[in-house]
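Encoded as structure tokens, the following chain is the form predicted alone, with no partner shown.
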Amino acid sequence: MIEAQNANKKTSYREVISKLPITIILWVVILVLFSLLTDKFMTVSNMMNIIVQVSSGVGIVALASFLAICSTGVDLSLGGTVAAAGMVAGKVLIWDLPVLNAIRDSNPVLLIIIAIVAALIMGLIIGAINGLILSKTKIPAFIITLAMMRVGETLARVIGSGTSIRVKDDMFKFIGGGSLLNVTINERSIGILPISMLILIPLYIIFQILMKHTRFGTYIYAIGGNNEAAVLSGINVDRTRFLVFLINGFLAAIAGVVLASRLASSIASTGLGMEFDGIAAAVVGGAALEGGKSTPLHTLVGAFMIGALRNGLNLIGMQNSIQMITIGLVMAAIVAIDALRSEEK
């Protein structure tokens, strides 16, 4: 009798563990592993550092990656768009033109607005080109966006004349590096309400509502779930995909502006590899590469997981190339485990 009860308990524990999302298990592994490897990982300052790093980069890019994957495509141009948009913002802020000089002297806030708008326009242009080619041809999305990634990186280098642009405007730097609330720990001021997080969270809330409660979100899930069925049901697939990539360009441009603000510099190589981290975050968050799955909030969890993983790997001194391999292996393991669980069900 007692043995039977123990067996039932073991079975119930296994069932509970098997039903746990793989992301929760991975979170526990990351926290425990890096806490043991370095005492700097679980500090308040490092946790806030992770939040700022994710909020000003991969967190926004991951949302764009989710939208592309959900509509059965990948957007490899995001890193290039981040670089180009950030470089445009930096260039406008320092450009020695009579009109801009007059605005700089009389109304610096207006100059920042102009720089941000110019960066967003750059993102929209790249997104529109992606969406237009994708909707008018049968070229796979990864080929189109791979080409535009190179275009974006090249534009960033041309605009910056092959060098980085240092931004000295304190108001602009506050966007990505400022905080509305600071606390002092061990004589060090730490921002616990970063502006970048106040940009990131509303974006995810908006897209969570958009994906779950609007026709546009339903169309994206339908296209990802079964493209032919979506066409037969009357959904304008080409227009929906065009809008997805247009939105992606806009989101990547936001990331470019926030990242340039946090780094106080516009750097052509800023977005290098960011599209990979964005895809990894979306997949870790549950997005299936065949489309039609996951939610923005799950992607947000995936983004913070990738951010925490990369932060921990940096703290233990792992080379960037090895980090890419490690993150790739983690992503592959999660996809494999989820596939096995789906087969068991």
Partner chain sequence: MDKNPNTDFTPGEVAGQKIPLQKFKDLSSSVGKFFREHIEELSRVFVLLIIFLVLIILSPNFVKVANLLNVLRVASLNLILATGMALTMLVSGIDLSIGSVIALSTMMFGQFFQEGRSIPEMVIGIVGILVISAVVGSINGLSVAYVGLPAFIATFAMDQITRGYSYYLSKGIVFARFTEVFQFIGGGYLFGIPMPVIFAALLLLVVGFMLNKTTFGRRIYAVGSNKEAAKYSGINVKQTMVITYMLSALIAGFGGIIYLSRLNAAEANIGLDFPLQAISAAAIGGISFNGGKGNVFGIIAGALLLTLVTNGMNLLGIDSDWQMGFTGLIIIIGVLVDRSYAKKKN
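Positions refer to the first chain, counted from 1. This is a predicted model, so every value here is computed, not measured.
We do not show the form predicted in complex with its partner chain, though everything after this point is about it.
Against its partner chain in the predicted complex, the set 148, 157 and 328 is in full contact: each member has a heavy atom within 4.5 Å. Residue contact with its partner chain in the predicted complex: residue 279 places a heavy atom within 4.5 Å of it. Its partner chain in the predicted complex comes within 4.5 Å of no heavy atom belonging to residue 197.
Contact check for residue 98: no non-hydrogen atom falls within 4.5 Å of its partner chain in the predicted complex. Heavy atoms of residue 135 reach within 4.5 Å of its partner chain in the predicted complex, making it an interface residue.
With its partner chain omitted here, the record of contacts in the predicted complex names 73 to 81 of 251 to 259, 174 to 182, 197 to 205, 73 to 81, defined by a heavy atom within 4.5 Å. Interface residue among 121, 94, 143, 102, judged by heavy atoms within 4.5 Å of its partner chain in the predicted complex: 143. Residues of 307 to 321 that come within 4.5 Å of its partner chain in the predicted complex, judged by any heavy atom, are 319, 321 in sequence order.
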